[in-house]
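Take a look at this one chain, the form predicted on its own, written out in C-alpha cells.
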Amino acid sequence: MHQFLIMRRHWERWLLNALLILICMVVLLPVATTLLISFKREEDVVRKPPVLFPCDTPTRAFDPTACRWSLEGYERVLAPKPTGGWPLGFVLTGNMFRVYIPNTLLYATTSSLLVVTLAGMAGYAFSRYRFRGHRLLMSSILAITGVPLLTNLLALYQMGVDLRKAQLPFYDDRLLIIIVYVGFYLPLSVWVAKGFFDAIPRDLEEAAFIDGCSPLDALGRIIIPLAAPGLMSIFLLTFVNVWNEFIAGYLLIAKNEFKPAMFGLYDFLSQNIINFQVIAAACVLIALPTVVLFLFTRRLFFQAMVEGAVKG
C-alpha cells in the first residue's frame, strides 16, 4: 500500500509538470510566432502554404544551412542611416525608437514612481493610524478601482481641450496623461501597499523608537526596506499597465510627437497592413523593455507576490 501511494504521487507529479509545460507552450506560442515572423523576409511571410522556419529548399523540407533569416522588419522600424561619426557610425531615424518608445518610457517611469511614492505614504498611514472615517475612506478608494478608465475618457478629453485653450505656460499633454495614469492606478496600489505594511510587525517600530529613532527614521531605516518587495511590485504593475495602455494616450494627447508606443504600433499597422514582418518587429521592440525589466526584477516581484499571499 505504501509503495502504491509513492507511485501515485510520482505519477501525479509527472502529470502536473506535463500539464504546466503544455500550458506554457500554449501561452508562449504566439510570442514565439511573432518573434519568428519578425526575422523572416516578406516573401517567406506570405507564402502559401506557410512555413514555420524559412529553411526549406526545392529538395528538402528543412535544411539548417539554407535558412533565410532577415532583419528587414527591424530595418524598416528602426530606419538606421549612416553618419560616419563616432561611436556607432549610424543614427536611428525611425519614429518608433526615436519618438514613441522614449515617450512611453517617460510616462511609465514617471507615473510608476509617483504611484509608488503616493501609495506608499497613503498605505503606511492607513496601516498604522486609526482616524475618523478610516473605513469609509478605504471603502471609497476600493470602489474607485471598479470604475474603468474608458468611462471617464469623454470628461478627460474635454478637460484636455479646455486646458489647451487656456494656454497655461507650464501645461502640455504629457503632464495631463501622467496625471491620468497616476489617478487611475493609485487607488488599487494604496490597498496593495497597505497590505504589505500590515504584514510588518509594529514591534519593530516600537523597538526602533526605544533605540532613539524618530518616526521618520524608523520609516526610512526599517519599514521601507522591509516593504521594498511590495513597493517594487506596485512599480512593476503600474509600469507594465502604462506601457501597454493605448486608448487614453491616443485620445488625450493631441500632438503625434507626444504619442506613446502603442500609438506608434497602430500607426505601423495602418502603414504596413500587409508587411507582417514589420509589424512583428515593432511588437518585439515594444515588448523588449518590459521583458528586460522583469528579468532583472523577477526575484523581488515573486518575493512580493509570495509574501503577499502568505502574510495577507
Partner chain sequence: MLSMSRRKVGGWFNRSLPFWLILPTILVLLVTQVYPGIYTIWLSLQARQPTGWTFVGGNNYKRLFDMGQFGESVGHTVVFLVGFVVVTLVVGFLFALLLNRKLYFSGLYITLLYIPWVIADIIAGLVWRLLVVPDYGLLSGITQNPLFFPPNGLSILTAVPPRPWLGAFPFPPAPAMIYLIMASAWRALPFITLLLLAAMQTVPSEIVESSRIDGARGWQVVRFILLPLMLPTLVVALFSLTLSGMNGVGMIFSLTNGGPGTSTEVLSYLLYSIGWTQREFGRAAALAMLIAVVNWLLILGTLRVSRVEERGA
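Positions refer to the first chain, counted from 1. Small disclaimer: the values here were computed from a predicted structure and weren't measured.
Just so it is clear, the following notes concern the form predicted together with its partner chain, a form of the same protein that is not shown.
- Proximity to its partner chain in the model of the complex, defined as a heavy atom within 4.5 Å, holds among 168, 71, 143, 91 only for 143.
- Between the options 196, 126, 235, 107, the residue in contact with its partner chain in the model of the complex by a heavy atom within 4.5 angstroms is 126.
- Using a 4.5 Å cutoff between non-hydrogen atoms, residue 202 counts as a contact of its partner chain in the model of the complex.
- In the model of the complex, its partner chain sits beyond 4.5 Å of every heavy atom of residue 83.
- Within 4.5 Å of any heavy atom of its partner chain in the model of the complex lies no heavy atom of residue 57.
- Using a 4.5 angstroms limit between non-hydrogen atoms, residue 179 touches its partner chain in the model of the complex.
- In the model of the complex, its partner chain lies within 4.5 angstroms of at least one heavy atom of each of the following residues of 13-46: 13, 16, 17, 19, 20, 21, 23, 24, 27, 28, 29, 30, 31, 33, 34, 37, 45, 46, in sequence order.
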